[in-house]
Ligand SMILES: Nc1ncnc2c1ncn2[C@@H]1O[C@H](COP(=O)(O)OP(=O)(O)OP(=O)(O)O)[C@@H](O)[C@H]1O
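The form predicted alone is given below as one chain in structure tokens.
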Amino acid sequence: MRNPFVYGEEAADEAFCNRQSEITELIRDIDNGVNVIIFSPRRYGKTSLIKQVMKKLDNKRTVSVYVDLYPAVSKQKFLELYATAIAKALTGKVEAKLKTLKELFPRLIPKIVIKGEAGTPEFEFDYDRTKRASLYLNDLLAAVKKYADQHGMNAVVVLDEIQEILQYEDDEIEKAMRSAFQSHRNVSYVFLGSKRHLLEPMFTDPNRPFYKSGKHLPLKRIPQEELVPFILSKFRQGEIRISKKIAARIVEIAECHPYYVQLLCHVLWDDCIDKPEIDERDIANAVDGVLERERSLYLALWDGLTRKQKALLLALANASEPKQQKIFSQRFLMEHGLGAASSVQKALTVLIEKSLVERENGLIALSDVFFKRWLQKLI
């Protein structure tokens, strides 16, 4: 039997763990044309969640468009990614799709390309890249609503890693999106982002175009009472015995983080496929195995940090749920030899930007559960 625990890629269908309340809420919001902002640290499963939702919407006559903006390093790339995502969402024969695209994007020139060994036809777009993006932007942003209206359907557009548009030289894209989206009553826009320090100001700053433009849905870690049954059921499928106590221990080590639960279980599955039952020693060996495998990555991260940043990481790894105000308290600073609060604040800002540290529920913690354990071995 194939290892049922998935990490490092989207967890789909049977590999996806629960989040039924979030799925129900998102489907309701999309049906009602509500815009939603989903934010969480990396590897919480935002993309997997929204794709589960989109699959369920396929049966509700909803046009579903998914745009991954992570590669959108320029306005031109934004246009290409958005147009291509719309093309993928269209149904019907290739010739019919081509005709529809020409109607939706009168200034873009769609062309059919054959990719992959299977020879699957896909669409790319030609246009004058020396001209301003605004020449093509209005048609592009209106396309999904136009298509949905023509077919009497609702629609959802998912913009994954939306914070990437903040790297552009101005807020032209941001303003154009807000101007277009606010009048699209039958289209729900779902914004996903992992860099909270960039995403929150984008939607909460009164001076920004997207201020108050949607419902906030922070994605949290999955509760232990949902993760334990998931773990038990997967191991039972492979006829690998595991007790509820051991499953709870896995969740505890992974700190209810969905990615690291899947990772640890994946390693345990491979290590224990021929064992009669998983025990505590197996878990310890699996953790050591993960740390050894990630050692070169962690060393590279560590070598790229300043002395102050390293000291702060070690302090956070050694502390139990440190609240932000305690990090800057005189006692905490002196106990860990961190020096002035101002220099610690600068170090913290950089660590958050590097996604090594995250703010969650009023706490500051390391993003990588196993990097934390690796650091604890240095202390």
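Residue numbers run from 1 along the displayed sequence. Predicted model, so just to flag it, every value in this text is computed and none were measured.
What follows is about the form predicted in complex with the ligand, which we do not show.
Asks: Using a 4.5 Å heavy atom cut-off, indicate which stretch of 252-260, 171-179, 93-101, 199-207 touches the ligand in the predicted complex.
Replies: The contacting stretch here is 252-260.
Asks: Against the ligand in the predicted complex, would Lys56 count as a contact residue? Criterion: heavy atoms within 4.5 Å.
Replies: Output for Lys56 is no: heavy atoms all beyond 4.5 Å of the ligand.
Asks: Heavy atom to heavy atom, is Val357 within 4.5 Å of the ligand in the predicted complex?
Replies: Outside the cut-off, so no.
Asks: Examine Glu161 and determine whether its closest non-hydrogen atom to the ligand in the predicted complex is within 4.5 angstroms.
Replies: Answer yes; at least one heavy atom of Glu161 falls within 4.5 Å of the ligand in the predicted complex.
Asks: Residue-level contact is defined here as any heavy atom of the residue lying within 4.5 Å of the ligand in the predicted complex; does Leu366 satisfy this criterion?
Replies: Leu366: no contact with the ligand in the predicted complex.
Asks: Taking the ligand in the predicted complex as the reference, which of Arg42, Lys346, Lys310, His336 has a non-hydrogen atom within 4.5 Å?
Replies: Among Arg42, Lys346, Lys310, His336, a heavy atom within 4.5 Å of the ligand in the predicted complex occurs only for Arg42.
Asks: Which residues in 185-203 have a heavy atom within 4.5 Å of the ligand in the predicted complex?
Replies: Heavy-atom contacts within 4.5 Å come from Ser194 alone.
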